[in-house]
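Only one chain is given next, in structure tokens, and it is the form predicted on its own.
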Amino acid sequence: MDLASELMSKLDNKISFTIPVFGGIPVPESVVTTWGIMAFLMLMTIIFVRNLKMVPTGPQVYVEAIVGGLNHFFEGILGEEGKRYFPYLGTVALYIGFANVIGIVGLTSPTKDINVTGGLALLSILLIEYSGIHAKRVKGWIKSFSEPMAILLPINILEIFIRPISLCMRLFGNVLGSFVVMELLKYVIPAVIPVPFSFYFDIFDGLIQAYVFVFLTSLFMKEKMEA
């Protein structure tokens, strides 16, 4: 098998199994991996929230540092009025972070599937528009499309569709690009040399992409929430 064929086979989102209802519902590998990440995060949540203490010790210190850091980050963008959105945004940040770095243990990142990144982007744009409606009410939200000038109305409406595409393709493109680069490195140079590159592409770049996704989502929300 040549390099191109090998890459295409690895990029293909394989079907893990089929649910035998309605003629068979195929469940791709990205969905199964996502379920695994969800189960892992839920298990960690159950483990680390047991026996919480007023003065944190042990693992509780790190959990509170992560949660506090995420809340502080989102508060810096959205302010106090955006606190209702912190749990969702923090969950998305953790999911994308884990999804992007999971390749370090040999699993296929679900964010390599455009359907996954598209679904995340769709949820983000729904949250962005909802935050605008909640802050300005329906009348103010509709009026915001003609601000700062009525002539910008078509462009502001078009942004509803442009933003999710941008969020989707940015995350998908970066994860896919990192995967292809790592596969090429493994193919053309000895196995031990790609290790530092793997730490960069699978960990550093993966976490940066999680940061960028939630940062842009929060930024767009703040824009919608502003009077």
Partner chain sequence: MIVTAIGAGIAVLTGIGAGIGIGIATSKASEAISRQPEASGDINKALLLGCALAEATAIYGFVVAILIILFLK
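Residue numbers count along the first chain shown, from 1. All values reported here derive from a predicted model rather than from experimental measurement.
Although it is not shown, the form predicted in complex with its partner chain is what the next lines describe.
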Taking 4.5 Å between heavy atoms as the contact cutoff, choose which of Gly69, Gly36, Gly177, Pro59 touches its partner chain in the predicted bound form. Gly177
Work out which of the listed stretches, 47-55, 167-175, 60-68, 25-33, brings a heavy atom within 4.5 angstroms of its partner chain in the predicted bound form. 167-175
Since only the chain is shown here, I'm wondering whether Ile203 would be in contact with its partner chain in the predicted bound form (any heavy atom pair within 4.5 Å). no
I'd like to check something about Leu219: if you look in the predicted bound form, is any of its heavy atoms closer than or equal to 4.5 Å to a heavy atom of its partner chain? yes
